[in-house]
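Before any questions on how it binds or moves, here is one chain, the form predicted on its own, in structure tokens.
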């Protein structure tokens, strides 16, 4: 029977509003594929959002917009509870306990912190931002998470979670598993401004999952291509072209033809972008239709969140009971 038991996954995102293609390829696509084979929990990381922005005026609407994209993308809330971190108070209690098990110097060595400080141009890092991998560990381990779907830039966080689980277990007794990361092939989809930058709303280089075909075409029109392919008949280099990267993901059936046309000079960049935009819009069409159902009935999303939070609290309380017992806290 143990061999048939489904492993548990906790995955989540900060609520920043509508999602883009990078969110799909780096996380959501993987979540949808895994929900048939694993016990999934999907977390709206609204406490994590505070580590870089204290303005909460749009937090609720951003949450609704993001969850709509999750649901339209294929997350089934009956199989996979969807809930807000702030509505399950055990997250904060476990975070407090875990903060006693890791040093400041270890957190400062986290490469993701350095990248975020650079990308967000943060001058003075706050305690919550430095320690957010500890809260992330609490998020994962509160549900005894055994597998964590992540992008490559999140691998260091999973390692911190594993270290904290080991430290707790060696100090007070075996309560937590050591979760394993699962990285998707297209974990970092490059943004519209070039192959060396990931897709990010803060960099204004995204195609949203809710963008209509006209918007997709307009955005792709500005995307850079091979700098050596100046005129239509110039031979191009697909492997250095951003648009070809999108063809590989959203138009795999035509990549051989696209490559041949580019390298020979027969296919111009304008036509290449139009073909790419058409395939991306075909991919987005059912998602946009799925969004419409929830946008017209926002109470459905609120009901899904309340139900997910109720189910998440049951598991969270069971875990904290085991923690209290191991620590002899009463």
Ligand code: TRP
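Numbering follows the first chain given and starts at 1. The structure displayed is predicted, hence computed values, not measured ones.
Only in words, not in the display: the form predicted in complex with this ligand, which the text now covers.
- Heavy atoms within 4.5 Å of this ligand in the model of the complex are found in exactly one of 75-83, 94-102, 213-221, 128-136, that being 128-136.
- Only one of the listed residues (245, 87, 255, 154) places a non-hydrogen atom within 4.5 angstroms of this ligand in the model of the complex, and that residue is 154.
- This chain appears without its partner; in the model of the complex, the one residue of 192, 209, 148, 241 with a heavy atom within 4.5 Å of this ligand is 148.
- Contact between residue 267 and this ligand in the model of the complex is not found at the 4.5 Å heavy atom cutoff.
- Shown alone here, residue 28 lies farther than 4.5 Å from this ligand in the model of the complex, counting heavy atoms only.
- Residue contact check for residue 142: none of its heavy atoms lie within 4.5 Å of this ligand in the model of the complex.
- Though the partner is left out of this view, residue 12 does reach within 4.5 Å of this ligand in the model of the complex, counting heavy atoms only.
- Contacts between 23-50 and this ligand, taken as any heavy atom within 4.5 Å in the model of the complex, involve 43, 45, 48.
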